[in-house]
Structure formats: structure tokens, C-alpha cells
Ligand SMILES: NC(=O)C1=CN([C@@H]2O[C@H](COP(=O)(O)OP(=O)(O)OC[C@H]3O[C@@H](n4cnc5c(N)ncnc54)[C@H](OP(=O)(O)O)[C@@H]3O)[C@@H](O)[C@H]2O)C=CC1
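As C-alpha cells, one chain now follows by itself in the form predicted alone.
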Amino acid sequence: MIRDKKRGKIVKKSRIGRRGRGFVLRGRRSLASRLNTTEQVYPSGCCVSHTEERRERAGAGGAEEVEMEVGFLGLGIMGKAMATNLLRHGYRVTVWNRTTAKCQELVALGATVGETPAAVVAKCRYTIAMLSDPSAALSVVFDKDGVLEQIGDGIGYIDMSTVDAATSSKISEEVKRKGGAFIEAPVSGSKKPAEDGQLVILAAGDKTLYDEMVPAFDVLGKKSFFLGEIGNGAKMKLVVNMIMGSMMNPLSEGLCLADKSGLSAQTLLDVLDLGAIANPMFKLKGPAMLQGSYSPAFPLKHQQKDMRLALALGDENAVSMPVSAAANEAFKKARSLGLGDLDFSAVYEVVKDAGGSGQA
């Protein structure tokens, strides 16, 4: 099935508008941002949605209106960059963070602050959450002054955190029981892609809500996928991050082995970049690793959390994952050495230390 979206002005009152809340946000987007989206239904029944024409950045001539109101919960490395992008594209955003001081930079860009997650949901038709782990995702929804206190008919909740499928399912069930709509939409990408609006969005759940969020997703990411039922987005994200974490360990071992063998580690990176296994992660992270620079684009503690959740998914499905298990042990060792808040590439320090001490 192929469907082309109608071009033109996107100003619609959707089913999410039944509560009578007026559209308080008017965003401006360039002509190049007009969506030309196709949906393909694969044998598994999953739909993949992708934008064929990328928008030009704000400031280009010609514009298309998108009227939405957006709340944003969680202003860590990723959440701050994502909320900033929405603001810079003309969206009015109401933000909340446990540490209120983190909201001030967004206030300077035009955001307003909600005192609690419930207050944000009460104000906004759509609320996005970008939180650190399953515990934080559940807390924001179920605790006092949480999302469930104000979610209801006509409100959409979008959790873009990286969590396990069980967490997404639990949140989805309660949001729907209250009458709201829910999608999970974890992202592939770290700090720089978030800042540049180049994330890959892995969504699942309520298809109508997904369609309504496409204009915002097009600001936040370069491509979005709709993967079907709740849990599929979470599972896809864990598989992606498991592969990424597992790749970082052999890169670390290779750099260490080259150095110990009397070779130039930088030359190794140059050779890798010209071969079949060339990839952006090696190119970006490798030189910084050689300099001992680990400014956190994606904190190591979060990478280890994702490895743990991916291994649990493997257990559920009886999939043997010895390589990923070994990588997880290296990240756990790095956390024990106090490296958890550094970039996940700091696992290189563990490998170097083991190589220098003669330990396996």
C-alpha cells in the first residue's frame, strides 16, 4: 500500500482535540519541509513511515503552519536538545525537569515551566517524555503529581525514553484506561544528532497519534518509523543500542592492540575508515578516544543499562548473546571505576587498563 500525504497547510483539529483545548502553538516550517510520506505494509504487518523530502532549516523562504501544543518532560542531554529544536522551529513548549534549574536555559528560548508532570499534561494536548531509564519513566507517570493525574480523553502522551517493552506496555495500558492516546518513540542517535534534528525515531502504538506527531518528529529527526504494536519500538531501540555497545568494545580492543604492537592507532582508524567496516561511530569516537576525551554525548551508564535490558530481551526469547554479554561486563567494569557519567566510549579505558596489567 502506497499513500502520499496531501501537500499544503497542516492545520487540523484531530481526535486529540476533543477536550476543547485551543491550539496554543503556531510553528513555522519551510516549504521544503512539506511532507511527502509513504507507508509500506510488510508481511509482518508493521508499517514503516519515512519522509522523502527533508525540510530546510528555519529561516528559509516560504512556510507551512503546524498548530500543536507540546509539553516536554526531562531535560537531560537528549531532552534539552530536542526541546530546544522544537522551540527554534516556532513551537511553544512547556517543560518540566526534576532539577528545576535545568529549565532556565529553555525559558530563555521561550519555554514556559510546568511545576509538575501533571501540570504540563493539564496544559498541553501532546506531552513528550525523554527520561533516563524505566524507573524514571514509570515514576513520572505513576507517582503523585504524575501524568496519570491529568491524562484523559483528547490527550496524547509520547514516551521517547529508552525503556524495555514491559515498561512501555504498563504505561500504555494506564494511559489508554484513562482515555488518553499513547505511543512509544525511542530514538537512535546521541547529543549531536539531537541538536541537529537528525535522530531516527522508532515509534509504535496508537497510529492516529503517530500521524499527528509526524510534523514534530520531522523537526526532531531525519526519519521516523512506525513499527506497529506497543513494545516494538522499545525492542528495536534495545537491539540497535546492543549492537552499538558491542561494536565499541572491539574498537577499543583494536586500538589497544595496535598501540601495544607498535602500530599507530590513528593509522588504524584511517585504514578502517576506508574499508568495508567504515562507519560514523568509529570516525567520530575513535580520535576522541585516542585523546582521552569522553565528553558525554551518550553516557556510559545509559549504554550499560541498555545492554542489560537487551540481554534480558535475549533471555525472554532464548537468544544466545555471548558477544553482547561480554561487552556488558566491560561497561559494568567501567561503571565500577567511576566512568558512568562519561561518554560510553570511555570503556576504552577499561581495555587499556586490562592490557597494561596483563589481565584478560
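Not measured: the values here are computed from a predicted model. All residue numbers refer to positions in the sequence shown, first residue = 1.
Form predicted in complex with this ligand: not shown, discussed below.
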item	value
Listed range touching this ligand, judged in the predicted complex by heavy atoms within 4.5 Å, from 86-94, 269-277, 120-128, 184-192	184-192
Contacting member of K207, R98, K260, K283, with respect to this ligand in the predicted complex [4.5 Å, heavy atom]	R98
Proximity to this ligand in the predicted complex, single hit among G71, G197, G245, G74 (heavy atom within 4.5 Å)	G74
4.5 angstroms heavy atom contact with this ligand in the predicted complex for N232	no
R335 within 4.5 Å of this ligand in the predicted complex, heavy atoms	no
4.5 angstroms heavy atom contact with this ligand in the predicted complex for S169	no
This ligand contact at A297 in the predicted complex, heavy atom, 4.5 Å	yes
